[in-house]
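This document starts with one chain, in the form predicted alone, laid out as structure tokens.
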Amino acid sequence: MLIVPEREIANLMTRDAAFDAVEGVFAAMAAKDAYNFPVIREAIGHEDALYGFKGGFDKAGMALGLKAGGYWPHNLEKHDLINHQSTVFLFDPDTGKVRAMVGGNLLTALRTAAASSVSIKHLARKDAKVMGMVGAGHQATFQLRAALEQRQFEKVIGWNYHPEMLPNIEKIAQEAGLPFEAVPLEGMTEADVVISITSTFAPSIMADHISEGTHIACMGTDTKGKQEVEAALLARSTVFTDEVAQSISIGEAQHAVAQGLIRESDVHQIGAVINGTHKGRTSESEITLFDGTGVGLQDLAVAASVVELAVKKGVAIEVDF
């Protein structure tokens, strides 16, 4: 078995490589060459933590495995660790033998950012100029860096429940040479692209906070009951997702479907747009919404890429198992 420790990931996986891996696996999912297993995600009754498993099989890429991990909300304050903790396990599809164990923390951040970035590439207006961020935590910095590579943005605006955290994303804007402005949620009407990356169980973004022609990527809802945006916004939008079954059960679409505002058939796979079997955006005034629930196949794709690079660079640790 090969082990690629967390400490090696930053030197192996780039944003470009993560983007290519995620875009490819979304396309494979839509072509039915890859599928995800049902997600297990539960509150463990200790440290307010959520823990679970996401897995799948990508026949096109021959990646089989799972990611185990979750969210420990007190890690940063108690242990100086990031709140999201995870590990990816890969298995040989031909034999079932364990192939690799890969640190999943940075990979999760990169693949999540890559997912929203893929949605911007394929769904946002080409002339998008103002980038909006709702959320300013650890993951938001990855989201913003990746998003800014997809269009010629001229300005970044941001809002966060805790305004004192906004410098996290202001710094990323400044690194890109862009002005940053803190705005109220109502100010998101100025944005051409919005990424929402919060962990909430009540909507912060209302339908009237998003203007016509905007593309919004909702990246924080991955558990039953979570909600970042008002369900009415999905009714105003053309809705895309990574995995339809997850979107309507644990993703942002769960609430709109439950309220009868949209149907399952109104939720489309982003991979179909990548493959050209769905037209994607059809007008400059259309609101497009990407419900990024996070699928196990994303983790397997980036982990498989990392293992290959680790072997080439001689940093993979081989052990008998």
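Bear in mind the structure is a predicted one, so any value in this text is a computation, not a measurement. The term rigid core refers to the maximal set of C-alpha atoms that superpose within 1.5 Å between the two forms. Residue positions are given as counts along the sequence shown, with the first one as 1.
Keep in mind that the form predicted together with a small molecule is missing from the display, and what follows is about it.
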Can you confirm whether Gly137, Thr200 and Gly292, the three residues that make up this candidate site, all sit within 4.5 Å of the small molecule in the predicted bound form, judged by heavy atoms?
yes
May I ask you to check whether His162 falls inside a 4.5 Å heavy atom distance of the small molecule in the predicted bound form?
yes
With the partner left out of view, is Arg111 within 4.5 angstroms of the small molecule in the predicted bound form by any non-hydrogen atom?
yes
Close approach of Gln150 to the small molecule in the predicted bound form, 4.5 Å, heavy atom:
no
Indicate whether Gly132 is a 4.5 Å heavy atom neighbour of the small molecule in the predicted bound form.
no
Which one of these stretches, 117-125, 186-194, 218-226, 89-97, sits within 4.5 Å of the small molecule in the predicted bound form when only heavy atoms are counted?
218-226
For Asn160, state whether the C-alpha moves by 2 Å or more between the shown form and the other one after rigid core superposition.
no
With both forms fit on the core, has Leu178 moved 2 Å or more by CA between the shown form and the other one?
no
Aligning on the rigid core, do we see the C-alpha of Ala235 shift 2 angstroms or more between the shown form and the other one?
no
